[in-house]
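So this first bit is one chain, no partners, the form predicted on its own, shown in structure tokens.
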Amino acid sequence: MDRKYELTQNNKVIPLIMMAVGVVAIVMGFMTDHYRAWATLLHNNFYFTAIALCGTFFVAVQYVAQAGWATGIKRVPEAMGAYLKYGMAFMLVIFIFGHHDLYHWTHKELYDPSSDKYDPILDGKKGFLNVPFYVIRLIAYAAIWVGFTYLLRKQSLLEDQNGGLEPYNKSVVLGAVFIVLFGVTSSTSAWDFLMSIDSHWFSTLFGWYTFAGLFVSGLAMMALFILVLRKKGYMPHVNENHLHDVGKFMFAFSVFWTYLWFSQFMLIWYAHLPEEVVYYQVRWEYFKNLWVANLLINFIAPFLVLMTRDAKRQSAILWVAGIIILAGHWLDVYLMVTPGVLGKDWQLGFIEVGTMVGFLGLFLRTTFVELSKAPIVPQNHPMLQESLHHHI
């Protein structure tokens, strides 16, 4: 029961090869089109950072809900959170060096009434959209997300070593505080990192929409890690009932994402206000096929695949559903970033896919390393037996 994940040669080499592919793709991007390169970096780093953040959020929710079923699998979302420190460091670098290419609102002449580029709309938003305050918010996100990931992980390891209820009770408190902070920062960070690319546009649903998409991506990534570990013999305690619960979460949040996708689109279409419809006009005019495919991949496919009870209990079907969800929401983030940066000059090729492979390699590497630092099955957790004998 106290077996740790062993870092084999493949675990070390394959992610390094993937990261090398990513470096080549990024270099090619900067050699050909720096706007495209920065957009690709933001797209992929945000995607994997949000997946890592969802790992920490999942752990916090289980503690606050005092849910026992997830105890036997919680080391996976704990390990996923290890990427956050790299993701937030990259996010700071991307903004410092690429903000003029990514964020129109960072150009100073837009706020000068004597300039022919003066923008009264952005001038009215400068209290929130200004570089110093943006950097302060970015650092605050990093401190909160990385800090609580570290603290929850620390208490989890102390529980292994010392037992007793003290680490568990502290984790419940930490989880409750984190959920409140996450509720605020998940929305404001979505406004900062993604919505401010289209700086004239706004949507009151955007924070929820982004959360739903990235949480279901985090669940899909967690499911794939669990399936790999189970197949390799590290999680023999994971049964069909655990898989069923993970599958239910994936199914539910795919439907929830669709509800928010439709609600945001329908309200903007119905109101037909110029400052709102511009967001969809660009995507319909230049990205129509991808925009329609986004809905089909992220709703229709997982809905049909995961609809039945038996489907949620079969490893092969969860594999398919997980890959569909991850690919679909990677496309969803692409459609949130690229139209506002590149417009009609967009491309989707080796630079985008290769960069994704590189970031995936880094994500896999950090997660596997973190998994190797502690027993796969938490020791001395008060609800461990409930998880080991989970049945629904």
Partner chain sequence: MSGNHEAAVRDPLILGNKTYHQMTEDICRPIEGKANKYWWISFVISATAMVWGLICLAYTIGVGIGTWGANKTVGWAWDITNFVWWIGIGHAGTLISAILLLFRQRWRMSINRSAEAMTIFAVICAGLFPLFHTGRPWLDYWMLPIANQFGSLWVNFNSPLLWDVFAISTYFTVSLVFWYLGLLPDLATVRDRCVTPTKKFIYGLLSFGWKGTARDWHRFEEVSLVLAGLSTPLVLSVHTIVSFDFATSIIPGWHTTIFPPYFVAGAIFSGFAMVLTLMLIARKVLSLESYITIQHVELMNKIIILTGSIVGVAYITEFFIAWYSGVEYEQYAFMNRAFGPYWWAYWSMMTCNVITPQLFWFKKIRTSVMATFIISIFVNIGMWFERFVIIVTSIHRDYVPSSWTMYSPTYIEVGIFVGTIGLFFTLFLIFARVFPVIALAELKSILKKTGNQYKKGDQNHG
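Positions refer to the first chain, counted from 1. Note that the structure is a prediction, hence the values are computed from the model and not measured.
What follows is about the form predicted in complex with the partner chain, which we do not show.
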*Heavy atom within 4.5 Å of the partner chain in the predicted bound form - the one residue of 271, 136, 316, 307 that qualifies*: 271
*asked:* Exactly one residue in 91, 129, 212, 238 has a non-hydrogen atom within 4.5 Å of the partner chain in the predicted bound form; which is it?
replied: 129
*in the predicted bound form, does each residue in the set 30, 101 and 282 place a non-hydrogen atom within 4.5 angstroms of the partner chain?*
no
*asked:* At 4.5 Å between heavy atoms, is residue 107 in contact with the partner chain in the predicted bound form?
replied: no
*asked:* When the contact criterion is heavy atoms within 4.5 Å, does residue 392 count as touching the partner chain in the predicted bound form?
replied: yes
_At 4.5 Å between heavy atoms, is residue 118 in contact with the partner chain in the predicted bound form?_
no
_Distance check, residue 342 to the partner chain in the predicted bound form, heavy atom within 4.5 Å_ = no
*asked:* Given the stretches 247-255, 139-147, 227-235, 73-81, which is the single one in contact with the partner chain in the predicted bound form, using a heavy atom cutoff of 4.5 Å?
replied: 247-255
*Heavy atom within 4.5 Å of the partner chain in the predicted bound form - qualifying residues of 13-33*: none
